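Below you'll find only one chain, the form predicted alone, shown as structure tokens.
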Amino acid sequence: MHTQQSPSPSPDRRLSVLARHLEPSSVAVEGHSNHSIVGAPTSGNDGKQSVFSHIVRAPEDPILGVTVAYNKDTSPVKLNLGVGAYRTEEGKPLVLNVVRQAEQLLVNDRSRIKEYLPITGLADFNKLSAKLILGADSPAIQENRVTTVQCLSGTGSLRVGGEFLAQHYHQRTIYIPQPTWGNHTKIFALAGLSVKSYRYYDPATRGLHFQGLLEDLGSAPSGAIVLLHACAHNPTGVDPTKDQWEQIRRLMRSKGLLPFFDSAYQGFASGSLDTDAQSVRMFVADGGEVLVAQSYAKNMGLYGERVGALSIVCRNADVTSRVESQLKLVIRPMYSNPPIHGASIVATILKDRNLYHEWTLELKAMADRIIRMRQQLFDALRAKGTPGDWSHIIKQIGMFTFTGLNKEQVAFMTKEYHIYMTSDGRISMAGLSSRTVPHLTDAIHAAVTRGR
């Protein structure tokens, strides 16, 4: 026998009942003193202040903020040398031809699906990424001493590595070069590490402060983590020589310092993938443990796809397996698992012999254009008789040049010549072209001769 249920109240009636409850009124509750029921501060009532009213406006990111200011400038001669993204001779963003080919193959593959990747990412991508940075014949790979997880470009790889170390490594202090990429400090501090610095750049020589580097790492506590730029140091463009790398390696291993490499420019610095991985491979060859964060933003032009990898080289296969299990526990509550498209592009290129070869040619062409821009700028400054020794422009390597210009000179160039760069005088050589070198030369000359 079924009992007849009362009809549900209409939506209008439910709303009117709810409205009466939210009105400020004195409601008698049996057994309790009267109290008022009022709307919550988040209910959006007129006259109520936002619960976020106390929040102050944050400053623009020092690097991305340059582009914001550039975009607002209406001058026809404006020049953006702040953003770290490759531009063609015409000043346009570049999508590599090999990337377009790989994407077409992926689109035409009707068997591809959009299911979640595993927590660690695309298996082929991880395997090929480790091979790219460590070398095809790496004993560490052959002995299963490497775990690689796909992450959200270089930034995400550094963050995952930082959080893993904060949770599982006995030392929670990381030493980063002075100067370094502005995001490094924030990434590691928010990951739970204590951030300190070691001397790296010498403003007097506009080169490496090698003695200061050795002294600072020599006095670091045993077991401390040390961040190293694999090549094309950002922002200075100053790299140690092979002999200097060997001295750094010996010092770090003697003190048990843990190397954490940031490899954002493999192949993009010298034009050779193997040459640019040399520093990492020296540390892996001695059998010690190493962390490496990789990014494909620059060398494949996949800036917006956020494709990266974190590899941890361990002492033996058993430790490697356990490390990977804990990396999963770092990633799962952070972003669950990485995106599939960008990693599929990279894997498609790296595993196809023809595509890989074409990529190396396109990569070398980009690196060579940047080297040409260095030479043209140096020649133009020398021809103009601009005061100072500008040889550091052709001695430095990679996307960026640390010009030695100070904040006042940078501000002058922005105001008078509409040239945008970070306030520390770092310029992106990839943002230059043969057409714009004369304009930059005039601006630099005017800035350094002001008041003379």
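Every value quoted in this text rests on a predicted model; they were computed, and no experiment measured them. Numbering starts at 1 and runs along the sequence shown.
One more form of this protein, predicted together with a small molecule, exists but is not displayed; see below.
Student: For the chain seen here without its partner, which of 96-104, 136-144, 110-118, 77-85 has a heavy atom within 4.5 Å of the small molecule in the model of the complex?
Tutor: After filtering at 4.5 Å, what remains is 77-85.
Student: Quick one: of Ser311, Asn234, Thr348, Ser270, which gets a non-hydrogen atom within 4.5 angstroms of the small molecule in the model of the complex?
Tutor: Going through each option in turn, the one that passes is Asn234.
Student: To verify the annotation, which of these, Thr155, Gln266, Ser279, Asn126, has a non-hydrogen atom within 4.5 Å of the small molecule in the model of the complex?
Tutor: Flagged contact: Thr155.
Student: Would the small molecule be touched by all three of His184, Arg306 and Phe400 in the model of the complex, meaning a heavy atom each within 4.5 Å?
Tutor: Yes.
Student: I'd like to check something about Arg374: if you look in the model of the complex, is any of its heavy atoms closer than or equal to 4.5 Å to a heavy atom of the small molecule?
Tutor: Contact check for Arg374: no, nothing within 4.5 Å of the small molecule in the model of the complex.
Student: Hey, in the model of the complex, does Arg159 get a heavy atom within 4.5 angstroms of the small molecule?
Tutor: Heavy-atom contact with the small molecule at 4.5 Å: absent for Arg159.
Student: Examine Ala297 and determine whether its closest non-hydrogen atom to the small molecule in the model of the complex is within 4.5 angstroms.
Tutor: Heavy-atom contact with the small molecule at 4.5 Å: present for Ala297.
Student: If you check in the model of the complex, is Arg206 within 4.5 Å of the small molecule, heavy atoms only?
Tutor: No, Arg206 is distant from the partner.
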